[in-house]
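First comes one chain, alone, set out as structure tokens in the form predicted alone.
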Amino acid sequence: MRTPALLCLAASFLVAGAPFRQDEVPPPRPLLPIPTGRQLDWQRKEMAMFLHFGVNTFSGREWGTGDEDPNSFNPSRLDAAQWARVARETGFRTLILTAKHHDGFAIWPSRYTEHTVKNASWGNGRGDVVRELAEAARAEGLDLGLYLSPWDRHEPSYGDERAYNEFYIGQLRELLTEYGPLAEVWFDGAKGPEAVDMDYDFAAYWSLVRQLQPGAVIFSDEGPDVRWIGNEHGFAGATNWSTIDRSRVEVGNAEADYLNSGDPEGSDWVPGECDVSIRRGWFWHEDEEPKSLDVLLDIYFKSVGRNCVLLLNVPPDREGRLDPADVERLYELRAALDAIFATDLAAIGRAAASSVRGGSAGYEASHVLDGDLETYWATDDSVTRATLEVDLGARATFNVVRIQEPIQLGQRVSAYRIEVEQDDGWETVSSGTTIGHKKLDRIETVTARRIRLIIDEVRAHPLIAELGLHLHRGR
């Protein structure tokens, strides 16, 4: 026989502690693989700024030779605070600095080499660019990332696999322990044809990052957290899965098309990062100009708008400041993006769907208009084709459609269409394959009251977090 105390305990559990009542609709199961917390946070930041700065800035080279005089590194007005302020004001959330490029010159006072700022007359040998940027980023509320090139054309031990990997890990440890929290650590497998053949111990490098900076995402061709998108143009594939099979990717010798589109059957969640420079080169050259606003907008739509993060390189000049022409273009880009996305024409509309999970209000179509990526419209498990319709309440003019999946539960949609209602019926204005964190479809300018998203193919029953409509007046 149950005691009164046990009965009271059971009753209180049913009221306050039970996760579901028997008549409640269970939440959708995640479609594996899914992102880690650090990957999800990284993706939602959407834009990061790369800063290529070093002896190449002063030699005019893209790839230094390793025999540079440390005194050649001499920025007369180094202003990392300007870099960080401009980045924050133009919408970038992370700054990634080339702490060491292929020339091997360390722009922090590394104890493992003499090819470093401690042997430069700049700052009387006490300069530290990494520290200045770390402090500036923190002051602006930005995250810091660092790139340490594995290829080192100066280091004598390069080519002796064990000795060099130990040298490299020593430098990496300095960067991971002396500059506060890092959000991203950037690796590549670049080697020139003259480089001595040796293997970089990426497994050890990544283990050290996990040990010392567990909150940082790791970038390389294969991840393990963030993958290269297969080109340096800033363009992801029109089909872009956040999943790949990492065993198919070799750092420094990866299949570009595979990285560009991802793999719907991939066992690893490794979303893409699109790296591209605002100029022709990666380092500052006085005879180069920034890309036009139209080109940068195209890059944005083909990176952030194709389920990626945009990593835009903005190289400081020989004074140690961002070039005024580049700064002007960044503010133009920010103003253009704000003009497009500040207003969501769908936000005041009413949404309806062909299927709602268990008929539950917790998963109804209205969630796609609430501006919250944690809520979403969901269908029943058996649904493989569904329609979501939005009535705007009045005719509106738009030419950008924004669709977002709740990627915390995986990536599902593999084919969809956008239709608008016209006098003679429904007209298809766009179609695509993958969606992911954010898909931005640019369409011909259209005026309509009703729009619908038709999901034709999925890997699991569809979930949609957001559907937005915007007007790009410059088109």
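It should be emphasised that the depicted structure is a prediction, and the values quoted were computed from it without experimental measurement. The first residue of the sequence shown is number 1, and the count goes up from there.
Omitted here: the form predicted together with a small molecule. The next part is about that form.
H101 belongs to the set of residues with a heavy atom inside 4.5 Å of the small molecule in the model of the complex.
When contacts are judged by a 4.5 Å heavy atom cut-off, A163 does not count as touching the small molecule in the model of the complex.
In the model of the complex, W426 stays away from the small molecule, with no heavy atom inside 4.5 Å. Although the partner is absent here, A139 is not a contact residue: none of its heavy atoms lies within 4.5 angstroms of the small molecule in the model of the complex.
When you look in the model of the complex, the only residue of W108, W83, W377, W186 with a non-hydrogen atom within 4.5 Å of the small molecule is W186. This chain lacks the partner; the member of Y147, Y205, F301, W241 within 4.5 angstroms of the small molecule in the model of the complex by a non-hydrogen atom is Y147.
None of 130 to 138, 251 to 259, 187 to 195, 116 to 124 except one has non-hydrogen atoms within 4.5 angstroms of the small molecule in the model of the complex; the exception is 187 to 195.
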